[in-house]
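One chain comes next, on its own, written out as C-alpha cells in the form predicted on its own.
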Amino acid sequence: MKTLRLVLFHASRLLLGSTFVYAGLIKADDPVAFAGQVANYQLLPYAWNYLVAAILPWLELICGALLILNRWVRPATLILGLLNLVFMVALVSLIVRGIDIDCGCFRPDAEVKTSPLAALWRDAGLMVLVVLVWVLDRRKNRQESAHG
C-alpha cells in the first residue's frame, strides 16, 4: 500500500507540475496577449490585467518547476491550489454572468476555444491533483520522520 501511495504522489506531483510549467510558458511567451485574455474576464481594473499577466505566468512556472524537482512541494502545492481556486471562482463568475470567452489558460490562439464550463471541469481535475499531492506529501513526510 505504501508503494501505491508513493507512486500516486509522484505521478500527481509530476502531472500537476508539468501542467503548470506548460501553462506558465505559454502565458509568459506573450504577456500582452495574456493581459487581453485576463481583461476578457471583466473582473479587474484595466492596469491590473497587465500586472496579473506579468506575474501569474512566472508564479505558475516556478511552482510547477518546484513540483517537478520535488522541492518545496507543500508551499508550491499551496500556491497552485490557491491560484486554481481563484481560477475556478473566476470561471463560475463568467458562467453566472453569461460571458462565453476562452479561458486563456493553455492555447491562447487556438481555433477551438475552451468554454468556461469545460475549463471549470479541467480545473476541478487539477484541484484533485492538488489535494492528492498535499495529502500524500504529508503522509510521506510523516512516514519519513517516523523512520528517521
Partner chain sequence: MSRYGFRGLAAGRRLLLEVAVIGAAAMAIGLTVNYGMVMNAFSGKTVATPVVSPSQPEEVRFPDPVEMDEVRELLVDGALLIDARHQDDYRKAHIAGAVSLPLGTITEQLASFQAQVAKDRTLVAYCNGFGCPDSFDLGIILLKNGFQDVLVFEGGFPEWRDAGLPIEGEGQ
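Because the structure is predicted, anything quoted here is derived from the model rather than measured. Numbering follows the first chain given and starts at 1.
The discussion below concerns the form predicted in complex with its partner chain, not included here.
A.B. asks: Is Q42 near its partner chain? Define near as a heavy atom within 4.5 Å, in the model of the complex.
C.D. replies: The answer is yes: Q42 has a heavy atom within 4.5 Å of its partner chain.
A.B. asks: Considering only heavy atoms, tell me if A65 and its partner chain come within 4.5 Å of each other in the model of the complex.
C.D. replies: Answer no; every heavy atom of A65 is more than 4.5 Å from its partner chain in the model of the complex.
A.B. asks: Should W58 be counted as a contact of its partner chain in the model of the complex, where contact means heavy atoms within 4.5 Å?
C.D. replies: Heavy-atom contact with its partner chain at 4.5 Å: present for W58.
A.B. asks: Classify W134 as contacting or not contacting its partner chain in the model of the complex by the rule of any non-hydrogen atom within 4.5 angstroms, answering yes or no.
C.D. replies: Looking in the model of the complex, residue contacts with its partner chain include W134, since a heavy atom lies within 4.5 Å.
A.B. asks: Taking a heavy atom within 4.5 Å as contact, would all three of A11, L14 and C103 count as contacting its partner chain in the model of the complex?
C.D. replies: No residue of the spot touches its partner chain in the model of the complex.
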